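The chain below stands alone and is given in structure tokens; this is the form predicted alone.
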Amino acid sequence: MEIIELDPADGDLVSGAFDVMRATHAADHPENPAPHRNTFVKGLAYPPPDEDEAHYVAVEDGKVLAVMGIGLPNRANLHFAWAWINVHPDHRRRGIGTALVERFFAYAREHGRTELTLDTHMTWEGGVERDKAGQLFLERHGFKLALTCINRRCAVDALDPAVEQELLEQAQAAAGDDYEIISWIGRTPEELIETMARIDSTILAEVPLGDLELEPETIDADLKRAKAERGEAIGIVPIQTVARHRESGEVVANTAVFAHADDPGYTDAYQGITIVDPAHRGHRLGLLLKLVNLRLVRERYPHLRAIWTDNADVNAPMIGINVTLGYEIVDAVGEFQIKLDS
């Protein structure tokens, strides 16, 4: 067996890597959204503008047995690195996962990274029972649980229409006339890009991070444009709704759902981070934006059947909103951390 860096132009190895991802999903967490081939393949050729990525495959006799992706933030948090590892169920307990972890450590050291994370699916009360093998594997290699996120799924029509309308009217009344609600699909309108960059820059300062030591990243208009270009290249479209404060003209709350818009056979979408500026909380803006955006999702993408989200287990306000909307627990994802000597 050898571990080699995955070349996006090597179609056979890319296909083999995706087959491993698909087999891992089927064996370990089939209730979750399946990996999307087109997004994976195109994502190799169009990496995120704010991260440097590398992918490795474990190969034996020309067959891919495992795949690993590594991400390195390249604008802020230059001490940090994350990775994911999939080992084909038929080739586990052969030391392949350990070899990939060691390659991750070496890669991180080569790039001066000292805080590393890997994640694994875990059981959460009320959800699906998950095998503890992933957690035990990470702990054996020195990783410790740093952040737990609860994974939830919601049918796009989970709410009774009358209940949904009542919730919407209550949220609109709480928001009052101080906010303009604006929705769009795809790229952020140019007239909003600067204020959207401002609120996006607050995300890491506002969301619970557990024991992860991450600092907020300053996001500018150029980065937002670059991210939009990447989304278009890999076929993921944002369905977005924001609240703009009428007096200041600033966007003070934001939510988005991300969908594989070019694939009507893929019926799952993903809820992105919903954030409300601290100075504008208490007006039910989070609930209002999610309800308005949900209606837009149903209107423009009727093939979508479920929206998935995850929240830190300590993020009670957002969990409360999601429960109100009909989100149900599926499992949890544990983010495990290790710190290397600098």
Ligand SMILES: CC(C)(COP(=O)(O)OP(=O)(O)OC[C@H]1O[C@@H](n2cnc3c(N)ncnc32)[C@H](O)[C@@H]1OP(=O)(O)O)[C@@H](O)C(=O)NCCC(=O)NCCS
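Throughout, we count residues from 1 along the sequence that is shown. Bear in mind that the values here come from a model prediction, so they are computed numbers and not experimental data.
FYI, the form predicted together with the named molecule isn't displayed, but the following is about it.
Check: With the cut-off set at 4.5 Å between non-hydrogen atoms, does Trp82 touch the named molecule in the model of the complex?
Finding: No, Trp82 stays farther than 4.5 Å from the named molecule in the model of the complex.
Check: Is there a heavy atom of Ile96 no more than 4.5 Å from a heavy atom of the named molecule in the model of the complex?
Finding: So Ile96 counts as contacting the named molecule.
Notebook entry, point to check: Within a 4.5 Å heavy atom cut-off, is Gly134 in contact with the named molecule in the model of the complex?
Noted result: Contact with the named molecule, yes.
Margin query: Does any part of Asp28 reach within 4.5 Å of the named molecule in the model of the complex? Heavy atoms only, please.
Written below: Because a heavy atom of Asp28 falls inside 4.5 Å of the named molecule in the model of the complex, the answer is yes.
Notebook entry, point to check: Can you say which of 138-146, 153-161, 73-81, 258-266 gets within 4.5 Å of the named molecule in the model of the complex, counting heavy atoms only?
Noted result: Going by heavy atoms within 4.5 Å, the stretch is 138-146.
Next item on the list: Identify, from the list Val242, Ile239, Val87, Leu116, the residue with a heavy atom within 4.5 Å of the named molecule in the model of the complex.
Entry: Flagged contact: Val87.
Notebook entry, point to check: Just one of Thr120, Asn254, Thr188, Gln271 has a heavy atom within 4.5 Å of the named molecule in the model of the complex. Which one?
Noted result: Of the listed residues, the single hit is Thr120.
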